[in-house]
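Shown below, as structure tokens, is a lone chain in the form predicted alone; questions about how it binds or moves come after it.
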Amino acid sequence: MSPSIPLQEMIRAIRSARTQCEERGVIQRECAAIRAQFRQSDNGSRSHNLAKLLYVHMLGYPAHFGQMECVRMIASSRYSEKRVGYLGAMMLLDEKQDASLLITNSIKNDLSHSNQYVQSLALCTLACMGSAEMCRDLAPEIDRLLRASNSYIKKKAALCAVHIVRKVQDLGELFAPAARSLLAEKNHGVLHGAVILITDGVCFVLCMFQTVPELVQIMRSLTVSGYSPEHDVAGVSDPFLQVRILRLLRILGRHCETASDAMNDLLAQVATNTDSTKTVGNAVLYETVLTVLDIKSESGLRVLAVNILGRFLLNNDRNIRYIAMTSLQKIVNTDHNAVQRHRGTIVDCLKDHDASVKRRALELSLALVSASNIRSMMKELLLFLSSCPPELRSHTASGIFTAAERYAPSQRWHIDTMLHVLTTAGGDVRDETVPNLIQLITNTSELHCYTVHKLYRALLTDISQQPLVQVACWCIGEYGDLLLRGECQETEPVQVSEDDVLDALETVLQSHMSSPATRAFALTATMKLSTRITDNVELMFKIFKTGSGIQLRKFMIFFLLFLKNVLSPSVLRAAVLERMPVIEKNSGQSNGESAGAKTEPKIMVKPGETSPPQQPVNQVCDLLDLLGGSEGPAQPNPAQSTTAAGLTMNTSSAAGGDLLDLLGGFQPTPTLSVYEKNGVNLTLQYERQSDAVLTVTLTACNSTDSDISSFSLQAAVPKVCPQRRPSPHHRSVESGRRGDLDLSQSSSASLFTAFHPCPIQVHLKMRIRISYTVQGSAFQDMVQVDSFQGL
């Protein structure tokens, strides 16, 4: 290829290449020719070669070897070369390149050039790639050009000053006097640059409150001016300048009542006279609405702004509807009544096919729910829940629950609404929904009969919604006797027999859709029904055999002992299976909030009733502790504490000990405290899984006020005992909480190890090494357990 090939022919040759390899060959040959001509001292086609190199750069190929040629061409006295040189500098150089510092002096000289186009090239280059050092050096020259008589130069200088202020905010005060003087110009380009300069000059924008009358006058002249071909866009005079002025007025009037009063009439005029049938007019109206809502405007003006957003909701453009609902969402708390007028239009947006519009309409609809419209709004939300996308069901259900709890007109309506949600989208509700609904049902004693009948019908209709099935099983277990009476006046009378109720629970146990938690609810309900509606041990034994899983088997064995009267029915059975008392909801602690210590629930006793006897309650706590679900106040005996040298197993009360003997093998896990230092407590638990396997669990708890990092636990036993254990723990332990949870969410760390006891008569020992870091200090200790009692 000839070195003197024109730019047009090079472009034609590159476009005609059939493969990428052929294209690279063309570009490599041309770049080699350009590089060779750059080395020549007397080259008359420098601008021609640099133009071709810039095209190669636009295609994504390397062109860095042309940077120094750009510097030389900028220093040239010829305008054609200077123009291409500045263009190459803007494309090939940036503030991180050392070569950019070489053009500072050339830019300074060109800013004082007599030709306005040369000055324009220097201003554009500085505004495009000027570094902080260049801005500091050339800022006085820019301030001088802002006061020039040429409007073309002042427009370019204003945009360059904007770049300088963004790079070095301290230089904003230098341009403040000149920026204000530019507002008196008639040229729209100069006005546009001046408004942007004042808006971006955060260091002096607060000193521009006195410019509000000038800005108002400029905006009013744009609003009432006639047709101007130079600035008209779809019937609106210079909408770009109007939008910029409205944004600046919003900043100036945000915290100034005087400035807000000065612009109220103007904003009303713009909101009234701007055409809303075109996209350009909607852009100006939207900025006007944002300004009205952000400043200290009059109440009537704010209502006008909300009405404009209401008109946006009727627009066919989904983008306009979306930004309208986004703006209404921000002001729904302050201008609730004004937004309520457009409730029907907002609810209609729930039927939109666009997912973003539908989500925004849902959030706004939930915010509009109040005590006066709870019934009508809830009908719409429940209808939307039945057909909404799966990704919105959880958010919709949570919003309905929150609104129903806050504005429920009656307890029955509240229960019906929650049951409707569970029936429609039970699989998408949050985990706290089931206990919240149970607490609500417990506190409404006059609706127990109505609720248990309704839940029984729902259970027969559909058992796929697990939260609904869990609540239904709980209510049947608590109020099954009310179900058999058939005396509920609020629903249609239904004849239900004992066999029907037990068959429903057996269906839940046998269903493949039932989770382990749901089966546990059904088992507990069956157990409670033994004291309420039936005493048929054989039938319940048949039901219990349908359960599966180790934990459920444990429950079934325990329940069968109750049913066969192995345990003392006069002491334990009545106390354990009695009806749940009314529990006061603790409003001071939200769902999911972690507490440092456990708090006992407050039990409210109705008038005319007596509190449960104290002794059976204590025995029930022992029983529930065996099942792993006790929150009772049982306290360990200090005299029965353990030491690292020898383990003394804690013993239960007399009734609890008899119970353990009857169950045969349900022994409590022995606990041994082996380490307590620097706020770290290490406990050891061991349990014999079989004759050949012993399981040991080490649990570390953090009781300090700071987190523990680099936490490591290692355990070892004699080599004659085959051992299998996981890799040592290396995690962080947070402060203030306790419990056997994942280390990333709790202050407890556990190390599990299982090994076979020694086949020969060797005294079993364990050695534990613990290392951790507390407040930057590293600690490492060794602990040895010399005996395991009972082995």
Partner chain sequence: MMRFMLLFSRQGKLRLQKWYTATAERDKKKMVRELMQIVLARKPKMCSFLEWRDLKIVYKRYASLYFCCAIEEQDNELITLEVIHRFVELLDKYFGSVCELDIIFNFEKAYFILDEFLMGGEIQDTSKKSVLKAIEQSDLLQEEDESPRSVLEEMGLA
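Positions refer to the first chain, counted from 1. By rigid core we mean the largest C-alpha set that fits within 1.5 Å across both forms. Note that the structure is predicted; figures quoted are calculated from it, not measured.
Absent from the display: the form predicted in complex with the partner chain. The rest refers to it.
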Partner-contacting position among P581, P177, G189, P213 - heavy atom within 4.5 Å of the partner chain in the predicted complex: G189
Proximity to the partner chain in the predicted complex, single hit among R244, R393, H453, H414 (heavy atom within 4.5 Å): R244
Contact check for V280, A283 and S356 against the partner chain in the predicted complex, heavy atom at 4.5 Å: yes
Option from 348-356, 140-148, 438-446, 100-108 whose residues, in the predicted complex, bring a heavy atom within 4.5 Å of the partner chain: 348-356
Contact of E287 with the partner chain in the predicted complex (heavy atom, 4.5 Å): yes
R83: touches the partner chain in the predicted complex, heavy atom cutoff 4.5 angstroms: yes
is_contact(Y322, the partner chain) in the predicted complex, heavy atom dist at most 4.5 Å: yes
Contact flag, V783 vs the partner chain in the predicted complex, heavy atom cut 4.5 Å: no
Heavy atom contacts to the partner chain in the predicted complex at 4.5 Å, residues of 156-175 in sequence order: K156, L159, C160, R166
Did K156 shift 2 Å or more between this form and the one not shown, C-alpha, core superposed: yes
Post core alignment: L419 C-alpha displaced by 2 Å or more between this form and the one not shown: no
Yes/no, H113 Cα shift of 2 Å or more between this form and the one not shown with rigid core fixed: yes
